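One chain is shown next in structure tokens, namely the form predicted on its own.
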Amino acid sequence: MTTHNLAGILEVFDTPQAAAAAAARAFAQAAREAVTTRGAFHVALSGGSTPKLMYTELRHLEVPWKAVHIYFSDERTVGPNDEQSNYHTAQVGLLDHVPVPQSQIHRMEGERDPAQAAADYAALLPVQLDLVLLGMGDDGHTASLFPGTAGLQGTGRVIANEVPQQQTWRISFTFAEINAARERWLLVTGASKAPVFQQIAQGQGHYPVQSVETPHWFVDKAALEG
């Protein structure tokens, strides 16, 4: 089912696997179009369970990987080999299996001072990303922009955001950077997301994810219906 609401496009699928497969096919198509039109595809990946499923699907699709440039919308303050690292998840699930040149994979250096790592990352971003992939937490956060944190009002392109509820810092795109991309996709699956997603679908609530402009939602029925 595809509808145009939620200030964007909503696609609903029977299962998380179906949502991930659809997002993977759309990713491949977007990459081919970007490379044909502009010579490269600049995409920011995210963490979460649905991207893991999408990564598995992407391994088997026709993608012009040699012209793909990989970035990340956020990162935990851990090293690249930590299982909590978004980069590590992408590396194990996708990047080790496809021929993206290593020089075109740009990780956030979570093991460094977050403020300096954020500033350095902002400096290496392209003028405009083609696509930012995002998820949504049970509390309505996206990237590492959590409810009640200073990062919600962050300026510039990339920030260090203190997340007291997680007792940590995160490195994250700002909403300005997310919304400057050509496209913003939100992959949301699982019944735990339903209470927040239902409010958002009804135009209610005050959640960070609602600051993402004209997103394309890939949602499973559990996230929609609970």
Ligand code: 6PG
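Numbering starts at 1 and follows the sequence shown. Keep in mind that this is a model prediction, so the values were computed, not measured.
Absent from the display: the form predicted in complex with 6-phosphogluconic acid (6PG). The rest refers to it.
Enquirer: 176 to 184, 46 to 54, 26 to 34, 62 to 70: which one contacts 6-phosphogluconic acid (6PG) in the predicted bound form at 4.5 Å, heavy atom to heavy atom?
Expert: After filtering at 4.5 Å, what remains is 46 to 54.
Enquirer: Report yes if any heavy atom of H42 sits within 4.5 Å of a heavy atom of 6-phosphogluconic acid (6PG) in the predicted bound form; otherwise report no.
Expert: No, H42 is distant from the partner.
Enquirer: Verify the contact flag for A143: yes if a non-hydrogen atom of it lies within 4.5 Å of a non-hydrogen atom of 6-phosphogluconic acid (6PG) in the predicted bound form, no if not.
Expert: So A143 counts as contacting 6-phosphogluconic acid (6PG).
Enquirer: Is T89 part of the interface with 6-phosphogluconic acid (6PG) in the predicted bound form - any heavy atom within 4.5 Å?
Expert: Although 6-phosphogluconic acid (6PG) is absent here, T89 would stay clear of it in the predicted bound form, with no heavy atoms inside 4.5 Å.
Enquirer: Would M108 sit within 4.5 Å of 6-phosphogluconic acid (6PG) in the predicted bound form, counting heavy atoms only?
Expert: No, M108 stays farther than 4.5 Å from 6-phosphogluconic acid (6PG) in the predicted bound form.
Enquirer: Heavy atom within 4.5 Å of 6-phosphogluconic acid (6PG) in the predicted bound form: which residues of 188 to 202 meet that condition, in order?
Expert: Sequence-ordered list has one entry, K193.
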